[in-house]
Structures are given as C-alpha cells and as structure tokens.
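Before any questions on how it binds or moves, here is one chain, the form predicted on its own, in structure tokens.
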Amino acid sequence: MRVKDVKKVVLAYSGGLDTSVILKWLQTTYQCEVVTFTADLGQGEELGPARDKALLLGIKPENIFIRDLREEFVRDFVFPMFRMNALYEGQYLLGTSIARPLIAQEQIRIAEEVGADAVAHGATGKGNDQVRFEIGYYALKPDVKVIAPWREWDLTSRTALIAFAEQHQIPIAKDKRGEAPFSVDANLLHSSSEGKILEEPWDAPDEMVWQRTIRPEDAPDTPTEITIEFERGDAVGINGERLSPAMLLTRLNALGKANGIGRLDLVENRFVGMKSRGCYETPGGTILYAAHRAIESITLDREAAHLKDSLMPRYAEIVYNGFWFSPERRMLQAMADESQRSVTGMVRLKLYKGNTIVTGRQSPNSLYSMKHVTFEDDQGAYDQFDAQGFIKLNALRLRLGAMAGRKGGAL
C-alpha cells in the first residue's frame, strides 16, 4: 500500500502503550488523519483515559469514538455462539475469538460514518487476531485498506516501543517500562493471559495470572445454589429475576468468581499454524454452558441433539479462525437457532469449589416421559417385547458377517 493512498484511518485503540505508539506512527508514517475507536466490551477498565490520551496525541474530539457494546456483544455474539455449545478443541469457550467480529463490525461502521478509507489494528503478525480482524473488515467492506503496523514497522521490541514513545512524548505508565510478565485480553465473557512467563507449558501458572476467579481451594465450604431460566435457548433470568443479556452474564461472572469456577490452562492450535499456551477465565460462561446443555437434554430430540453436537467442532473452528461473517457460519447458525425453538425452561445448579453441578431441570416442552422410563409398572406405555425385533434388525449385519466367518462384522 502506498502511503499517499491513505487519507483517514480508523484505529482500534485501547489507550495502552502499543496502540498509542501505533497512533503516532500512523500520523508520522502515513501523514493521515487518525480516528480512534475504543470498544467497551466489559473489560473492566476505565475508558476515560483512552479519550484523554487520544486528545493529548492531537486527535480531534469529533474523531474519538468510545462505544458501549456490552449488550450487543452478549445478545448478538455470545448468546448465538452458546446456542451451539461451541468449544474449540473441546475446551476453550472462545472468549477472545467472539469479540473480534464485533470490534471489526463497529470499526467499519465508524469508517463509513467518517468517510475513512482505511482501518488499523494492533494485532501482531504471529497471532490469530490479525486474521479475525482483517477477515471481518473485508467481509463487511471489501475495498477497505487495512494497516497492520506490526507487519510493517521496525519496532520489534518493548524497548523500541518505549524509545519511540519517549521520542514523541507519549505518556508511558510506570508499569509499562518494565517487561510485562504476560499479555492480557479481557471482555465480559472472559479474560485470557498469554506469553512471557506462560510460554513454558510445563510451568504452572502463577496465582497472579488468575484475575477473575478466586482459587477453588479458597471458595466457600457451602455450595451456592442457583436457578437459570431459558427462553428459546437464551438465558433470561437468574433466581427468578429477569435480566438483560449483559447484566445476566455479569451476575454469572460474580457467582463464578466467588466459587472459583472457570479456570482453563490450555495449549491450543492457532490458525496461523503454531501451538500456543493460554490461561483463560470464563466464570459466567462456564456456568452458562453447563446450564444450557442441561436444558437441552430434556428439550432436544435425540437425533437433532446428536447432529448439532457433531457439527459443533466445525462451528467452533469457524469462530476461532475469524469467519463469523462467512456463509458457512450463518448456515450453521440457522440450524442452531432452529434447534432452540423448544429450549425453554429452568435449570438448577450447585456451584462449589470450581465445580458447576446440575441438580435439576424442567421445561414445559420436556421430552422426558416418566411414564415411559419408570422402573415401576408403566401400565402398557411401553411394550418391552418390541425391543426384540429392534435388537435383531440392528444386529442383522453383524450376524451375517459372523455367518460368513468374519466375526465382528463383514470387513
């Protein structure tokens, strides 16, 4: 991309060292007008300083955008993903992955509002986020120019970033002058920690890594019992109180934190090809996942549930790799949403020292028939003799194989 081709750029801006350096680098390298966008996704940080620093770095007030996206994040991104029970590689609840398409979507909205011809992000060239951001940008605005400073500049170390900041009089927090012990990304769904002291997969994470949960060993000795209400697959209330999506997840986060729930130490496969180690905390999401599986267990037809489970890994991979806006994700989402028509009811759970224990579930749409499943007299509801033909028909191919001298089947 030629520098002169960029007139105005929208930067995904946190106000931290990296994106502040990127802001000034864009001004000096591209000689363009910079618009900053800071998303409130429930990361738990004060966003006012980001505005103040942008002003200090010469950004016009009308070019500073700070938007509260918490409700949209949970309602339109987290909840749809949870309808699919998505787990990447069987464990990861995709807390970082699901935030990126919303940030990209809002960044493109702002670019359209202000007439910008480019967008920029602070993701490095080694990680997944560069892919997630940029695939989102191109899906929403095919002709947009994308600037990824970490793939362009020669500031390849923390020392170089600090030197650049000092040269251009960018304020640096005291805790940024030393080497950060690990990198943190957070939003309302989770907190993730990666890098530095966490790079050796044999070394146990220091307790300071865990910021959103107490140690399970320190959790109360008395279990916390809660109920979660669902309507068409989405959680709508806790303990009889109706809550908005963001407020509900906030409440679950507090309950999970207090009971040491939601820690995960994972070595995963990045989309770009390398393995990485991350420590994730998803307290509310862990509870929500268990509760949603429980309400589905009595409301979903067996084959529908098994089909959905068989497609879940593909859906999770699509989200992890950054293809939220792809046709294949929308196709799978339509299936997941259709499956949730009858997923309405109540789940009771016990939260205890890192564990989420389902203790009850009920639904007006329940497929669980006490009359059919009882060990007592079912008064003719189920004819046990029917099982004989069912078994023989299912065993027929094995019997034929055995008759041909191929025990265990006809291979």
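These numbers come from a predicted model, not from an experiment. Note that residue numbering begins at 1 and tracks the sequence as displayed.
We do not show the form predicted in complex with a further copy of the same chain, though everything after this point is about it.
In summary, the region of this chain contacting a further copy of the same chain in the model of the complex, judged by heavy atoms within 4.5 Å and restricted to 88 to 96, 236 to 244, 69 to 77, 161 to 169, corresponds to 88 to 96. Only one of 208, 173, 254, 307 lies close to a further copy of the same chain in the model of the complex, with a heavy atom inside 4.5 Å, and it is 307. In the model of the complex, a further copy of the same chain lies farther than 4.5 Å from every heavy atom of residue 16. At a distance threshold of 4.5 angstroms between non-hydrogen atoms, residue 378 is in contact with a further copy of the same chain in the model of the complex. Although the partner is absent here, residue 43 sits far enough away that none of its heavy atoms falls within 4.5 Å of a further copy of the same chain in the model of the complex. The closest heavy atom approach of residue 115 to a further copy of the same chain in the model of the complex falls outside 4.5 Å. Residues from 30 to 48 do not approach a further copy of the same chain in the model of the complex: none has a non-hydrogen atom within 4.5 Å of it.
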